[in-house]
Each structure stands twice: as C-alpha cells, then as structure tokens.
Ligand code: GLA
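Encoded as structure tokens, the following chain is the form predicted alone, with no partner shown.
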C-alpha cells in the first residue's frame, strides 16, 4: 500500500502524488480492478448507461463498465416515453439488453424511472380528443405502467426510482400534470403500486438540488408523514449534479444527515461535476447571444490544467465526504460513463463540450479518478 500522507498535503495532490497514484492505479487496472473493488466495503459504485451503448454493442465501454462498476442505472431505456410510447405499445428491446448485462455481471440494477413529469408521451395526460384526462383515467394509466414494468423485472431490478423531481423549493409539490390531475396522492399511490408488484424491491424518491433547505425540509416532513401512513419509501436519491465550487460539502453533509435521520438510506444517483460556466442569463441581441454561447463553451479543445486540477480536488473532497458517511450511503452512481457520453455536453445548448466524469473521451481514467482511488490506497 502507498502511504498517501507522503505526497498529499492539505487535500491538494502534488505532482509526485498524482504520479504515484497513477502508477498504483494503472497497475490495478491491468489486474481488472476498478472503483467497485476500491470501495467494496463502503458502498456500491455505478454508472448510468446510455441506451446507445447497448443498441450498438459498444464493447469498449461495456468492458469499462464491467471492470469499474458493480451497479448500473438505465439512463433512458426505462423512462416512460422510450419504453411505453403509446398506451398499448411497449418497447423492451434495449431495457432487456440492459438487464441481461447487469445479471450476467452480478450487478445491482437500478430502474429509472417510474413516474416523472418529463420524457413522457405527449398524449399521456390527454384523451383521444386532446382534452385533459380525468383523475381516474390517469391513475389507471399509472397503475398499468408501474405494475407492468416492475412485474416484468421483478427479482432482477433491485431498486427503482419510483418518483422523480416532484418537489420544488418554491411550491412544495411541483405543479406538474400528475399533481394537477391527481393531486399529491399520486406519489403515495406510485410507491404502493411498486411495492405491490415487487415487495422486495428498494423504492427511492429521486431529485436534484437536495441541498436546498426548503426542498430537503419539505421532503423530510413528507417522509415522516409517509412512515406514519405506511407508504413504502425506503431511500432518497440525491442526484449530485454539482459544479466545481458549489454546493459546498457542508451543505451536502447536512442533507445526508437529515435524510438518514428520517430513516432513509441515501443514494447519490446522478453524480457529475460541471466544469463549465453556468450563468444562464440571456439577451435578445443576436450578437450578444453568439458571444454568450461562446462564453459558456470555453474548453472546446481540451481542459486547461488549472480547471483539471480543480476537478480533481472536487472529486477528492466529495468522496472523502461519502466515505465519512459510508454508514448512511448505499450507492454512488455517476450519470454517464465517459466524458463523451455525458448529457452535460449539450446542455443547455447543442455543441457544448464538458468534462464532468472520471473517464475522458478516450475512455481513460483522469487525474480525478486517481485521486478518488487514492483515498483507498
């Protein structure tokens, strides 16, 4: 084992430290050792896998996933629109390949997602004439969707994101069509249906910006109400779409502790670190918009050393926090596999080039990877 104290000072990796970590980690890679092995006694480590990787049988990335991760999440294959595009049509092709891969590699399989206001068929909330459906009709559609999916993969999918992004700091419950038509009980019903279909499945509520006190406080109170009413909710998914400098680790820690105190297992479900500027202000002036677009995409030809170093330190501090609370955390999942497979590349505009993950566009581990595994060396 390498003694990290010889080359890491004040949580900042020295050049010598990075070199030593690389040497040890690269040696481990040749032995087919990955993140899952370093953190095997702490929590599961996984990735959300793009449908394209399975449909195109991308063997290089699939091999990387096999080596590095022991849990996988469906990035898009089980969202309502791709898997259930019309009321009487289902598309299980990619999802079945995903499940087959996970079972073959003895992975924890995470289903994403049963109920969400986004990426749903246009007519989900409408009848044949285009009018808004009744509460009874929408409840029936939700029941059919959840029972069909959860039952199909019963005993194969280990945990589900049952409801996604249904709470806002401003309004409490998001004023989505689910809320507008059914009311707040749509969440309770979704959890009950999922539990009915697979009583052994771990059921999760998933959301972003969980460090916002208004959102987390509302959710903690909701969890308490659910527990009194017997609603089968078992865990919280903190998405973890972070930036280089926010939120601070204290805010993340406060949320971990709050959800754990409410009796929830904590999962980091969509971890990535955005290295690009994130000022979304706009103007109507065309020339200004062009300049604005360029300012949001400054690293088209590669990441400067200064920013790469910040990314390395950010991931190191995040995983230090995860290790500190390993007794509360079940899973840390990255939202994507390699930098070129991240949704951050084209958000909020097409062509934006980002570097948010531990593996680069050539599918090689970055300095941030070596810093993370160095915590366990």
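This one's a predicted model, so the numbers in the text were calculated from it and none came from an experiment. Residue numbers count along the first chain shown, from 1.
The form predicted together with this ligand is left out here; the points below concern that form.
Across the proposed site, 274, 314 and 369 without exception lack any heavy atom within 4.5 Å of this ligand in the predicted complex. Only one of 55 to 63, 348 to 356, 32 to 40, 335 to 343 places residue heavy atoms within 4.5 angstroms of this ligand in the predicted complex, namely 335 to 343.
Site annotation in the predicted complex: the residue of 255, 71, 164, 158 reaching within 4.5 Å of this ligand with a heavy atom is 164. Comment: this ligand is not present in this chain, but in the predicted complex one of 134, 119, 200, 248 has a heavy atom within 4.5 Å of it, namely 119. For the chain shown alone, residue 241 is a contact residue for this ligand in the predicted complex, at least one non-hydrogen atom being within 4.5 angstroms. Using a 4.5 angstroms limit between non-hydrogen atoms, residue 145 is distant from this ligand in the predicted complex.
The closest heavy atom approach of residue 211 to this ligand in the predicted complex falls outside 4.5 Å. This ligand in the predicted complex comes within 4.5 Å of no heavy atom belonging to residue 216.
Counting a residue when any of its non-hydrogen atoms is within 4.5 Å of this ligand in the predicted complex, the hits in 66 to 91 run 75, 79.
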